[in-house]
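In structure tokens, the next block holds one chain alone, the form predicted alone.
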């Protein structure tokens, strides 16, 4: 149904899926993690496909999203990837132009595990459901590569555009090709709906985003569109960047954050795109009476849009009760596109 909507057809109901729906909030996922490391799940196609399908077995959702990690391309570039109690760690961080010489730009064929997971998941996908592929956007991957860890206000990547513009542009240029090839590996394996995650885009000033980042998003989206994929763009905490997003080519939809209404986003984006979102993930921690009210409000807003995919404004929190996610999905479906 998501593909139908993104291709301009009217689905029978508003499509529903959730970012991080195959993650730690699911007991079935936690059981698998007792036996397998995170990277083992990512790098074994059969296991990745199994995790991809877990949410569809427990929740009434209209899509699965392939189980992987946004840092897989960095690992293939030659960086060491590990996971600590504080989060992912990439070594060595890239801090100067000469560091780029040690990095490799993988071609699509260098992602056999991810492509294999896509094919395996498609073979198990129930009729009427979509499989979503994904990747980090270039700037978001840059933050991890430059910092070696999650980005923050005081991290090395935060001031990179001003402190070392040559490194910033050179690394962005390399990562544009890396991300495109990683995305093509998934699309050529059969993905038709693709989401670009720009989790750290909100750290950028609007002028830097417009000049250096937005054009790369547009080129990637156009290339994937030419291969038959519909691209959804998610930029976290990035309301100040929406003027640039409004003009991006190649996008089929934009994911809205929870701090503004869908109507606000639609006006800001000139009504160009179907919108995805935008329930605050924290609402799913509360009573179902509150969940129902927020879902109903968002569904009402969605009926005024060019198209609407019900989702969160960001990923499901690990401590979220499964029954609350189920309740929200069922409530959204009951609301319908009407």
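Given the structure is predicted, the values throughout are model-derived calculations rather than measurements. Residue numbers count along the first chain shown, from 1.
Below: the form predicted in complex with ligand CP3, not depicted.
Asks: Quick one: of 234, 194, 265, 209, which gets a non-hydrogen atom within 4.5 angstroms of ligand CP3 in the model of the complex?
Replies: For this set of options, the contacting one is 234.
Asks: Which listed residue (33, 272, 297, 282) meets the criterion of a heavy atom within 4.5 Å of ligand CP3 in the model of the complex?
Replies: It is 33 that has a heavy atom within 4.5 Å of the partner.
Asks: At 4.5 Å between heavy atoms, is residue 22 in contact with ligand CP3 in the model of the complex?
Replies: Taking the distances in the model of the complex, the answer for residue 22 is yes, it comes within 4.5 Å of ligand CP3.
Asks: Taking ligand CP3 as it sits in the model of the complex, is residue 309 near enough to touch it, meaning that at least one heavy atom pair lies within 4.5 angstroms?
Replies: Outside the cut-off, so no.
Asks: Quick one: does residue 244 come within 4.5 Å of ligand CP3 in the model of the complex, counting heavy atoms only?
Replies: Residue-level check for residue 244: no, no contact with ligand CP3.
Asks: Is residue 68 close enough to touch ligand CP3 in the model of the complex, meaning at least one heavy atom pair within 4.5 Å?
Replies: Residue-level check for residue 68: yes, a contact with ligand CP3.
Asks: Looking at heavy atoms inside 4.5 Å, which stretch does ligand CP3 contact in the model of the complex, given the options 97-105, 163-171, 82-90, 120-128?
Replies: Stretch with heavy atoms near the partner: 82-90.
Asks: Taking heavy atoms and a 4.5 Å limit, what residues of 106-125 are near ligand CP3 in the model of the complex?
Replies: Heavy-atom contacts to ligand CP3 in the model of the complex: nothing from 106-125.
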